[in-house]
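Below you'll find only one chain, the form predicted on its own, shown as structure tokens.
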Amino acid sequence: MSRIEIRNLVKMYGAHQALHGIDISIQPGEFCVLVGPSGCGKSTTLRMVAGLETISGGEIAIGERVVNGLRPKERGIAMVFQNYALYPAKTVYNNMAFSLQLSRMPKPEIDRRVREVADILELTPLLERKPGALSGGQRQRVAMGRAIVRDPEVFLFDEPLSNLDAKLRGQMRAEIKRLHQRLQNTIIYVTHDQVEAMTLADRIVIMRDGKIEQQGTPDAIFHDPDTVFVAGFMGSPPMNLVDCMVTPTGLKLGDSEIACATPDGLRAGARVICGIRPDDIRPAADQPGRATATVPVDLIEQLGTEKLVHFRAGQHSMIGKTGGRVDLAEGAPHPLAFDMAHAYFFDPDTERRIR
């Protein structure tokens, strides 16, 4: 296990600056997920840690070594790619053993490592097959096994599950989590999927336009967002974010007035962005004592154990939730309760949280 320090990291592509001096400190054995929309700089950061991209400024330290000038094979890292990158003509065994064979490790030690890792990943029955005879999930396990046999200081994962279907992604998430609990290696994992970030990470780093928007534990990121971007990015369905007017008793939301406490310093007549998650908007009958508003329901999505209720508040489209057996009619007004104790308030100019 190694600590990773990323200090004031900068990446330039000609005149374009892709990374703007980012700082990340990853503890030994920590599972750190870099997440954000396409083009935010997360894969560039990972490739710079791996030594696959040159560093324009700042430094990267793995353990006690600054690795800026080291080649990838000298950094003590192993990388798992999105497209598996397996050798099609080699068996599973030889794909996993190849890097050890190149290093001239003794054959008995290679065999021990490969079979031990194959047992961990349930690949033993597949060792004599070639990649073409494997499913996507099996190929990804082979790619992971090839990395594990090297016993690296750090694992780097670059969107490893994006080529899998939804069911396989769920299964592989669980396998990666169990593997980390067993091996306790330091991991940096890149994804655009916030569900992967929430379920896998010890630490989440949310990136936007080459900068870090917020970093912290999954619980802190989800329940204590610093900005409008983080609030809207984490969560499925996303947080409702609406422009409101502060009133003497709460907020003006569309045509309705919602009674609630607002942060100190917000005066009546001020504009504010209010954020509230769909889980905190429920049918009024289920939430006695909460602030309510009667709103027109446009659409109901049936998800089985729950329904998503799409409605409008003035010009704003919003989403609430009900239980799967609650009967609401589309196209009709319904009273909904807002749990404003769990609402968030953001400055409309800076988009930063008002606390």
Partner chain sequence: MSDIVQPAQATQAVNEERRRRWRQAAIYAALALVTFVMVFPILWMISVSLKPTTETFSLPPRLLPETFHWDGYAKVLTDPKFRSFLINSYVVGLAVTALSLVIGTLAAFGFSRYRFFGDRVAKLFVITTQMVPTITLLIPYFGVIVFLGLYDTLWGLILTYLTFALPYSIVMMNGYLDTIPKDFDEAATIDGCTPLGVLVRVLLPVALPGIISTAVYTFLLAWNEFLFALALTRSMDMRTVPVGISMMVGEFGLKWDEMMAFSVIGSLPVLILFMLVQRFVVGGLSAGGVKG
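Residue numbers count along the first chain shown, from 1. Since we're looking at a predicted model, the values are computed, not measured.
Keep in mind that the form predicted in complex with the partner chain is not shown, yet the notes after this line are about it.
Contact annotation for L183: none of its heavy atoms lies within 4.5 Å of the partner chain in the model of the complex. Under a 4.5 angstroms non-hydrogen atom cutoff, the partner chain in the model of the complex has K73 among its neighbouring residues.
Looking at S99, you'd find a heavy atom of it within 4.5 angstroms of the partner chain in the model of the complex. In the model of the complex, the partner chain sits beyond 4.5 Å of every heavy atom of A268. Of the candidates I300, A293, A50, A61, A50 is the one whose heavy atoms come within 4.5 Å of the partner chain in the model of the complex; the others do not. Note on the partner interface in the model of the complex: the residue among P125, P106, P88, P248 having a heavy atom within 4.5 angstroms of the partner chain is P88.
Only one of 210-218, 174-182, 144-152, 273-281 lies within 4.5 Å of the partner chain in the model of the complex by heavy atoms, and it is 144-152.
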